[in-house]
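Only one chain comes next, encoded as structure tokens, the form predicted on its own.
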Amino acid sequence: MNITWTLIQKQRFQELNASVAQREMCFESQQDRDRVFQEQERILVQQGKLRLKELHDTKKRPSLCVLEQKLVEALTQKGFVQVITPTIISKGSLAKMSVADDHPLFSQVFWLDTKRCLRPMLAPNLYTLWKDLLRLWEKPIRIFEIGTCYRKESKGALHLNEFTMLNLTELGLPEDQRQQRLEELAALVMDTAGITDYQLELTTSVVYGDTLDVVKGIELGSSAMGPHPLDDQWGITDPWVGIGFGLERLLMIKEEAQNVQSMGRSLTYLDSVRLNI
């Protein structure tokens, strides 16, 4: 016989971030399956308790915070300036990004009232900063932000309503260097996150059109370059590159976890460990 885990067992393994090998085991009988499930669940629970003990005794900070600090250090050492912008943005800012009432992303936005929402992306605020910084700083202008974004995402192992984005941009570089620069920036982030063997794939974004995505099994980051049709809305004429990453997804791949919920802000998980163990 080729007996696999029950739906409840699969759900429990996902909660406990079981490995692929553990999740794909097959058995000759239900009795064997249930016995092995109890053994594997006990192992995963023990591993979780050890991780929580490490967090308490030595680590002191969740992996999401550690990754954010590493990225800040790596980017500032390369000449990027960190910025902090508002979480609440205007409907007009989204419209400048082409996210109007008929846009696919519009229905995923958390609206506070008819004119304000929680930002679903960092780009509108960075565009706004570009316009002023062009008057104040010499080019190229290199800025980045790490901040929380909000979307009414479909439920699943790869999506969060509240997630942490890194968006790094460089404005005013030679146009013929944009592709190479995007590859360099992707490598900088992935090396800092400790992820290798990723791919760069051309695809299409609902906001930017053609993009270059960073992929390792799942999409980890997405990039764009200008001049771009959106630039006119912001008065931007210089060539630019930008690339954004979801930090929880980076952690999920780095730690070979099974669901992104365990990597983010949560009252159910702490540093990827399910607290009902």
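Note that this is a predicted model, so its numbers are computed, not measured. In this text, residue numbers run from 1 along the sequence as written.
Unshown form predicted in complex with a further copy of the same chain; subsequent notes refer to it.
S.K.: Can any non-hydrogen atom of Lys49 be found within 4.5 angstroms of a further copy of the same chain in the model of the complex?
M.R.: Close contact exists here: in the model of the complex, Lys49 approaches a further copy of the same chain to within 4.5 Å, heavy atoms only.
S.K.: Taking the shortest heavy atom distance, is Arg135 within 4.5 Å of a further copy of the same chain in the model of the complex?
M.R.: Yes, Arg135 is a contact residue.
S.K.: Within a 4.5 Å heavy atom cut-off, is Ile43 in contact with a further copy of the same chain in the model of the complex?
M.R.: So Ile43 does not count as contacting a further copy of the same chain.
S.K.: With heavy atoms only and a cut-off of 4.5 Å, decide whether Pro239 touches a further copy of the same chain in the model of the complex.
M.R.: Output for Pro239 is no: heavy atoms all beyond 4.5 Å of a further copy of the same chain.
S.K.: Please identify, from 158-166, 99-107, 190-198, 172-180, the stretch that has a heavy atom within 4.5 Å of a further copy of the same chain in the model of the complex.
M.R.: Looking at the other structure, the answer is 158-166.
S.K.: Which pick from Leu94, Met121, Ala186, Val83 sits with a heavy atom within 4.5 Å of a further copy of the same chain in the model of the complex?
M.R.: Filtering the options by heavy-atom distance leaves Val83.
S.K.: What residues, if any, in 27-61 have a non-hydrogen atom within 4.5 angstroms of a further copy of the same chain in the model of the complex?
M.R.: Heavy-atom contacts to a further copy of the same chain in the model of the complex: Lys49, Leu52, Lys53, Leu55, His56, Lys60, Arg61.
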